[in-house]
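Single chain ahead, by itself, as structure tokens, in the form predicted on its own.
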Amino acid sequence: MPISTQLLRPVRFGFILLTFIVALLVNLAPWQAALAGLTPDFVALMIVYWALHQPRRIGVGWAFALGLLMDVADANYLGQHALAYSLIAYATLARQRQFALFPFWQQALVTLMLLLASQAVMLLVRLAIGDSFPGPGYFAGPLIAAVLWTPLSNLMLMHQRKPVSDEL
């Protein structure tokens, strides 16, 4: 979150859980398969967001568990998403304080790099097992996710924002 004059209210864990459930449902929606690589990985996007804004609550363990859940639900190789999600959660947590001070457009660029790394890890796992290269369109999802970062961050922070009184 860029530095601002607004205080943020605490986030309930139920809200964090709800965002992950919605992200899982969107990732598993039937139209995802029709659009192939043009849709972002919303679970990975939520992991980056919550690891950035709530680092004491969401970490590598949650990312690993969500990755296993995504692998099982999407019928992928077990551990593919878990490895990728764990790595992006770790990378986000390693530079969380620095990342949180960036303006939204710089956060979007860092998010783009993290999600591209996630896609690359999943691609390497698939190639190591013997799958064929899916084409350059496989990396279009992170570009769309980077474009969505600023509106998504503002939407997620909207319920937390609390105006500062003039008395302070």
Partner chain sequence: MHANQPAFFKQGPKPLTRLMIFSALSFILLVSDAKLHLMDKLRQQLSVLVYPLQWLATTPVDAVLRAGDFMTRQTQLIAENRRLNDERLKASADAMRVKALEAEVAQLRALTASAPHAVGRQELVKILYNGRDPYSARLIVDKGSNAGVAGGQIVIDHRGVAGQVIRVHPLTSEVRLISDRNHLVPVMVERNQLRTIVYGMGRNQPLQVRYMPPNVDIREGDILSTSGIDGLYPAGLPVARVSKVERQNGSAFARIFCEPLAHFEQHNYLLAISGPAERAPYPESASAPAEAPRKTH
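Positions refer to the first chain, counted from 1. Predicted model only: the values in this text are computed from it and were never measured.
Heads up, the form predicted in complex with the partner chain isn't pictured, but that's what we're talking about next.
Engineer: Can M122 be called a contact residue for the partner chain in the predicted complex at 4.5 Å between heavy atoms?
Structural biologist: Close contact exists here: in the predicted complex, M122 approaches the partner chain to within 4.5 Å, heavy atoms only.
Engineer: I21 versus the partner chain, in the predicted complex: is there a non-hydrogen atom within 4.5 Å?
Structural biologist: I21 belongs to the contact set for the partner chain.
Engineer: Even though the partner chain is not shown here, does L69 get within 4.5 Å of it in the predicted complex, heavy atoms only?
Structural biologist: Looking in the predicted complex, residue contacts with the partner chain include L69, since a heavy atom lies within 4.5 Å.
Engineer: Classify L116 as contacting or not contacting the partner chain in the predicted complex by the rule of any non-hydrogen atom within 4.5 angstroms, answering yes or no.
Structural biologist: Close contact is absent here: in the predicted complex, L116 is far from the partner chain, nothing within 4.5 Å, heavy atoms only.
Engineer: So which residues in 72-97, when you check the partner chain in the predicted complex, have a heavy atom no farther than 4.5 Å from it?
Structural biologist: Contacts from 72-97: V72, A73, D74, A75, N76, Y77, L78, G79, Q80, A82, L83, S86, L87, Y90, L93.
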